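Okay, so we've got a single protein chain in two different forms coming up as structure tokens, structure 1 first and structure 2 after it.
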Structure 1
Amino acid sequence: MSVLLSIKGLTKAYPGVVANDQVSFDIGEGEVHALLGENGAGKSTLVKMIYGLVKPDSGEMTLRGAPYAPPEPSAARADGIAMVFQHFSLFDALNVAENIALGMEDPPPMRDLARRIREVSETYGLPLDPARIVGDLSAGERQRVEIIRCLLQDPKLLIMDEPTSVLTPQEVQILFETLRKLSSEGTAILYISHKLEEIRALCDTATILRLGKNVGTCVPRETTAREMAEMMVGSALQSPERSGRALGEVALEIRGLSAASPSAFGTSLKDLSLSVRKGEILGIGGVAGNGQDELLAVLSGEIVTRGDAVALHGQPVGALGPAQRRALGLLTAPEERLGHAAAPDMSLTENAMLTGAAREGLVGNGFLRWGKAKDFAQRIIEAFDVRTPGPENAARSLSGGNLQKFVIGREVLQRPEVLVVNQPTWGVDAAAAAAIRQALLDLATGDTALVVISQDLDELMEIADNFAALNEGRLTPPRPTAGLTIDEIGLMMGGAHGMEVAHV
């Protein structure tokens, strides 16, 4: 196998942090190469340098032996390098073909383009109608748009950034078939992920980054997931402990709830029912955009419904607002940290006030007790090991993981009767994620009922007692997680959404 892209000593520093430090490795023609590392390990910076979005401070790259230093992404694309980003850059109001044309240097006439889209999508088992409006597509279908956009350029190297975070297990299998077919045709794939089993199933070689440095290379098929995880984290991993618990009476119940989404391209909830008992963790899985945000809003009180649609300890709370529900012990932590769970430009003390006012006694007769709020913020910082100089710092000055610990800690420390969290460890490094999961388990041991909405199925299997899946705003009946197979979970999540395996 000849070398396609060779990277030697790439270094990129930002003020205060070295994102990449002397990173070197080779990608062969047709090789599926994994780039593995925690959040903040420098994976994104590295691929941005390959794709011409960021210029390295030092180091060099060669493409098929020739020096390669793309000044901008269009130059990288001209050299046969394509990238599918983790966050899609698509226009909801345009159709598939229009979106693809927008990303091309000189797009062919729309009719020809639509025909080529159909050809490519059939060859690679990615069915896609060029005339459909992107706003109506599922997350998996949107990803197909991005992939097909890349394939139309006939790339030599395809970079994929965390592609499976929006897919069901069945969709993942189909994507892998597509990638294997591409690889057999000689296209190299640089596959970024922190999901170890996927990498073991798909990749030929893995380069592992930690704190910006290349800490090792391995052949994933011959390495255990645990070994790779420990290379990635740099220390032995601690698994959360769950102790056997007896479940108490029903704490939270939703009965036959339907609610329209407040946003035009959101997902409405349809006839949704669930119940959670004291000490139980109900895990809710599903691909992003299937009603997770709406379910959280319905429970937090941001969307009000019929009074009896949501019951807390048998008492109707569906018509109450967020502050009243909090006072009764129903606490929530939304997915979006900045701007939803926390106000970016306000201090941590003020952000502690944001949800802690009632339960922590931070207000008296309408007047704020800043001293108590600061103490509360300080307690969260200490209990959850939030790395910050102090509670007077603005929320946006914290890294994503630290702010997530603060946001979750703020609710956990208020001794909730019921706690609902959406994506509790999204974008959080492994150590912080383990701490957050442990805190959730400890709450359950203390008789709190928890609803954990997450896309990370491993996480749900690890901490949840029962599992249900959200699919297009409908919730499946919950099943005990013990003994649930990955195939069964995938079917609960809606199976393959009409995808088919690549015609190899």
Structure 2
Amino acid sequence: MSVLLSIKGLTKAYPGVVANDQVSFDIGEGEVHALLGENGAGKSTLVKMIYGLVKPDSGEMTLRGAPYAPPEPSAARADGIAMVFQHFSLFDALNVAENIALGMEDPPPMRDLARRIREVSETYGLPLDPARIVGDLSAGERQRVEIIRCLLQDPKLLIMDEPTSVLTPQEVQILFETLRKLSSEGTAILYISHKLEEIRALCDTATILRLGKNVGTCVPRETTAREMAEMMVGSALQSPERSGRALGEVALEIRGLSAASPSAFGTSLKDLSLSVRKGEILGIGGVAGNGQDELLAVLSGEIVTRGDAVALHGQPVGALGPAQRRALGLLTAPEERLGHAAAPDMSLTENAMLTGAAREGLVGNGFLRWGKAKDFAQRIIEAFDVRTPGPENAARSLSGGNLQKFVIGREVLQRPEVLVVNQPTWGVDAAAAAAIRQALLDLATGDTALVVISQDLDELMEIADNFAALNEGRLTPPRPTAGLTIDEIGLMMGGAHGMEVAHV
């Protein structure tokens, strides 16, 4: 195949770190090219340079043989480069067509745009009604809005960042069919994902970055997921180990809980019931936007309910706030890292203080014990291999994956009675994800009850004892993960609530 985009010696440095160091590789026309690497390996910086968001310090790019150096994203789009970001940039109160128009340099009349949206959505198997309000769409449908907005530009290169993290297995297959069709028509795709089996199923070539450098390429179909992961980290990968454990008495129970979402576009919880025992990991799957945030808020105490709707070791806690629940041993780690799990402009020491004050003894006689707080933050950094100069650094200075390790480590080291985590390895590389999953398994071995809410089905099948799915605010009856098939999981996530199987 002929070369579409050639990257030669791209380098970009920031204070204290070289994000990209002499990176070179080619992307062919119609090629599906994977970009792999650990958190902080330089993937985001590289694609931002391709898309015109960041200017390289040195190196050059050519597009179809001509020099290519976009000063801004609009110039990249004009040259046929489109990008679907990991976090969607959509306005909930506007409809699909209005959102797409906002992302276009010169949008056509709304009637013509709506017609084009229907044509493109039907051509590529991505059904979408241009009149639907975005706030009413599922996460998968929102992704379609972003993809169709790109396809209307007739791109020559489509960059996709973690595109399947919000999709059911069935929706992943639809997306892959769309990407294969685009590839067959000559559109190149640069595909970033931590899901290595997906890379093997979809991609023609993979470039691996480590510490900002291109350390090799491979053909994913001819390379195992473990081999690719080990190329990313530069060493042998340790898989999480499950030790046999007997489950104890019920530690956390929800009885007939219904709760309205505080967000106009959120999902209210409807008649939820579940129980989790000491030493048990209950995995809860579901497509984003089906009540996961609301469930965590109900369990954390951010949404209070009637007292007996939530019980900890038989004690009603539904009417208690977050601080009181934490004192009793019910700890939580939300999905949104910056702004919810951590205060962006506060140091890691201050963020350690925010949730660890009571359980770690960081307050005494009305004074904050900053020395102990710094020691606690340092313990988290060391135990969870958080890549940062030190605990005085601000949370926003960390890469997403490293901040995630800090947030999870902060809760794990407080020795919770019950731990509820939402998306524990979101955007985290293979080695870090394995370390986090091992930490959760170790907690369960120590009699902690865990609720792991995740859109990563491989993760839930790897660590969970039982599995339930959230769909439109309703929870399916939990089923043992042993023997569950992907098709059964997909049905549960799609709303098959009648699948009654005993919770053992």
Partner chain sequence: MIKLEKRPQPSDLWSVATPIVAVLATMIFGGILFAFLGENPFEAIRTIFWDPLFSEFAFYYRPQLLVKGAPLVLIAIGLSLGFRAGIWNIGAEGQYIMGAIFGAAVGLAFYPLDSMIVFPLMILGGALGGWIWAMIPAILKVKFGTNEILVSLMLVYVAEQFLAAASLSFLKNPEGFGFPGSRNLQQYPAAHNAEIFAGSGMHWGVAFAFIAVIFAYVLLNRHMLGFQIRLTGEAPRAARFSGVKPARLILFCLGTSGALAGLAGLFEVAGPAGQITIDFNVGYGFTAIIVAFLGRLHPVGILLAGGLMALTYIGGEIAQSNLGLPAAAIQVFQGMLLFFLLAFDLLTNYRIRFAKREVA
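Small disclaimer: the values here were computed from a predicted structure and weren't measured. One-based numbering along structure 1's sequence throughout. Heads up, when I say rigid core I mean the largest set of C-alphas that superpose within 1.5 Å between the two forms.
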Quick one: identify the form predicted in complex with its partner chain, either 1 or 2. 1
C-alpha of residue 436 off by 2 Å or more between structures 1 and 2 on rigid core: yes
Yes/no, residue 140 Cα shift of 2 Å or more between structures 1 and 2 with rigid core fixed: no
Take the rigid core as the frame of reference and indicate whether the C-alpha of residue 229 shifts by 2 Å or more between structures 1 and 2. no
With the core held fixed, residue 376 moves its Cα between structures 1 and 2 by a number of Å equal to 5.6
May I ask for the C-alpha shift of residue 365 between structures 1 and 2, in Å, based on superposition of the rigid core? 8.0
